[in-house]
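Before any questions on how it binds or moves, here is one chain, the form predicted alone, in structure tokens.
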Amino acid sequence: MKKYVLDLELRSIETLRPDYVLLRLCNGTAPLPEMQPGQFVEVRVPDSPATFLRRPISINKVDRERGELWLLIHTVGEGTRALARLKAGALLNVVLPLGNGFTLPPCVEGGTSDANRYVLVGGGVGTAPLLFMGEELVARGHEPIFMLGARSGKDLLQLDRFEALGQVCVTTEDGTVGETGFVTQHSLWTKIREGVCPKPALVYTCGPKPMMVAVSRLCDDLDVACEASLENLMACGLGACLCCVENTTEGNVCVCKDGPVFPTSRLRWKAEC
């Protein structure tokens, strides 16, 4: 897929909670390039002398009707804090789209069935690419089931947007919303194992590494294919700097170029956690 270097205009910035902001970017009156769920962008941080490298950000949503690219930013360092301080009208230099996204199933007609039901499992800022993926599944006639985990109810992000797309299963560690525990402990997994609920056609996951490892092990037990979007440290986004190398069944690969999405059957990290 062709890559672009664009100066995108910040149409709006929304604070979702003190350490998360949502940027809505547009390409003026020109259409945005084609992008797929699971891909990411590299953003140059303006007016931040201490920030030399671009920041990799997952694509949260592409609103084609409004010509908007959404980026969900977790403000964990000087670079992301600088992005959170931007005002509407600012220009951001962005390289996009980068990496390989989730596997998109073909379009179907005639309503949902067991064969076109997909489970999307996310935690923390790892829920960001799952919103885009969920919208694409719905557009293709499939049924997404979201499993979202957080420490507390206040940590759940964009819950209303997920609920507008399909069933949402929530777990919080403190039990303030949904079931108590980790997302891998939700009762839906037991129902699938016992045959009460049908197996999904595929599971997609993104979030903390221990969570994704646990999800992939559950999928192995259920004999369900799983794809994980890795969050390795990435500097260049093009496979040149070797910061994001991951060990796979085919040897070491660059997550930014060969991923960030991989079938978990290719990953060797399940033995590490």
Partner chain sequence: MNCSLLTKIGDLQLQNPVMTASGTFGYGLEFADFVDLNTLGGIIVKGTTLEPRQGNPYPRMAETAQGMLNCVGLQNKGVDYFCNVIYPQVAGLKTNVIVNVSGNSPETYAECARRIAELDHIPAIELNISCPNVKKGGMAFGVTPEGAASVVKAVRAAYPKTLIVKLSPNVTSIADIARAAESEGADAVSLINTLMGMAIDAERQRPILSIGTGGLSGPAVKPVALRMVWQVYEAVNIPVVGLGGIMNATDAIEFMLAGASAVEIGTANFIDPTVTTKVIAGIKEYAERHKLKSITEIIGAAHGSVS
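These figures come from a predicted structure and were not determined experimentally. Residue numbers count along the first chain shown, from 1.
Below, we turn to the form predicted together with the partner chain, even though it does not appear here.
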Which of 60-68, 226-234, 210-218, 25-33 lines the interface with the partner chain in the model of the complex (heavy atom within 4.5 Å):
226-234
Contact label in the model of the complex: residue 3 to the partner chain, heavy atom within 4.5 Å:
yes
Using a 4.5 angstroms cut-off on non-hydrogen atoms, would residue 165 count as touching the partner chain in the model of the complex?
no
Looking in the model of the complex, any heavy atom of residue 15 within 4.5 Å of the partner chain?
no
My question is simply whether residue 46 lines the interface with the partner chain in the model of the complex - judged by any non-hydrogen atom within 4.5 Å.
no
Partner contacts in the model of the complex for 195-223 (non-hydrogen atom within 4.5 angstroms of the partner chain):
none
